[in-house]
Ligand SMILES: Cc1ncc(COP(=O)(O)O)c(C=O)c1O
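There is one chain below, alone, in structure tokens, taken in the form predicted on its own.
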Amino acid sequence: MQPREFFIEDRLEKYRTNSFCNLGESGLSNYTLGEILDQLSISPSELSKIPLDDSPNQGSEELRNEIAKLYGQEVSSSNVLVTTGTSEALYIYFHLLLKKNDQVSLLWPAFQALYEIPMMLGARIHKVESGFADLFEKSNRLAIINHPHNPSGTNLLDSDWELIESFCKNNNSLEFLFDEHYRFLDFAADMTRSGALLCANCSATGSITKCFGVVGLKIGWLIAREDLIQKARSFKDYLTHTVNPISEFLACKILQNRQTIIAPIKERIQDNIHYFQSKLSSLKSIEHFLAPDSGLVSFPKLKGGILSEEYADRLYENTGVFVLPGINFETDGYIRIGFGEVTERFREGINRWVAWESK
């Protein structure tokens, strides 16, 4: 069985490079190499000394150590596999865990890769739209917990964590995958809490790319028990084999300086969210908006009868503002907005949006 087209990526390819104000992306607007080198106080001559050898297949020890530090004492470098973005980590993990007719539960709507690859493998998808406990049905093989959530921007509550911990301790046959791409963008803490190795059957994926504006580095990772990591490393040999040593070097430096780099990024995102909220009453087509408490995306509900793709098309044609229609998440009547755009362009884009809605 083949996966269907990737609805989100199809539209991103069409519009993101030509839009005046890109609110369709799920990551921070990306820095140039020079801007990153300046932030890290790295000279170009230092980059010139990096050998262009294959990196170790599991990832360099230095980078894996830095990643392990993000998770506390229960995670060591042997629990880390460095991958080409989280997409590769997810692809490998699903192939190792799932077989035909396995049931996979996940919060809905969801990022397509979280259910499309399981469907390709013959798994049955259980969409959980309300009732968090429904993720943990006895018939499940795997429960996927995406937090902070894409596309809604919501994070797990303390009561959610209590429920998760209870199920983890009492379900030896159920696997748990925590997809945690936005861990670094918690507005109330250093990072959101992680489910990595909460129990032996708990795995997690993560990345720096969207949070730090370095999508082109394509660095992600999988955190899991050692035997699963070794199987995943072997599977990776048939895919990308290794990651780019320049990307590994920069990713390692970013993690070593992450708190300094992420502080102004959080401020920018929150400033954009607050500006959007200040103009919300003038956006008559939006019925309900929930500001993200972590991450940088939200999923506003459109007023009844408004088709998301038609609305997104007309918004782009009239203002140059690009948003993703909810139909790309197989949930019409919503749009996904990203708050990672450069502040000045974001404000001008929102002003154009307001002016168009006011006509």
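All residue numbers are counted from 1 along the displayed sequence. Just so it is clear, the structure is predicted and the values come from calculations on it, not from any experiment.
The following text describes the form predicted in complex with the named molecule, which does not appear among the structures shown.
Classify Asn150 as contacting or not contacting the named molecule in the model of the complex by the rule of any non-hydrogen atom within 4.5 angstroms, answering yes or no.
Asn150: yes, in contact with the named molecule in the model of the complex.
Is Ser87 part of the interface with the named molecule in the model of the complex - any heavy atom within 4.5 Å?
Judged by the heavy-atom cut-off of 4.5 Å, Ser87 is in contact with the named molecule in the model of the complex.
Hey, in the model of the complex, does Phe212 get a heavy atom within 4.5 angstroms of the named molecule?
No - in the model of the complex, heavy atoms of Phe212 and the named molecule never come within 4.5 Å of each other.
With a cut-off of 4.5 Å between heavy atoms, is His181 one of the residues that contacts the named molecule in the model of the complex?
It does: once the named molecule is placed as it appears in the model of the complex, His181 has a heavy atom within 4.5 Å of it.
Which one, 203-211, 152-160, 188-196, 239-247, holds residues whose non-hydrogen atoms are within 4.5 Å of the named molecule in the model of the complex?
Answer to the contact question: 203-211.
Answer option from Ser308, Ser26, Thr319, Ser298, heavy atom within 4.5 Å of the named molecule in the model of the complex:
That would be Ser26.
Contacting member of Phe276, Tyr71, Phe111, Phe94, with respect to the named molecule in the model of the complex [4.5 Å, heavy atom]:
It is Phe111 that has a heavy atom within 4.5 Å of the partner.
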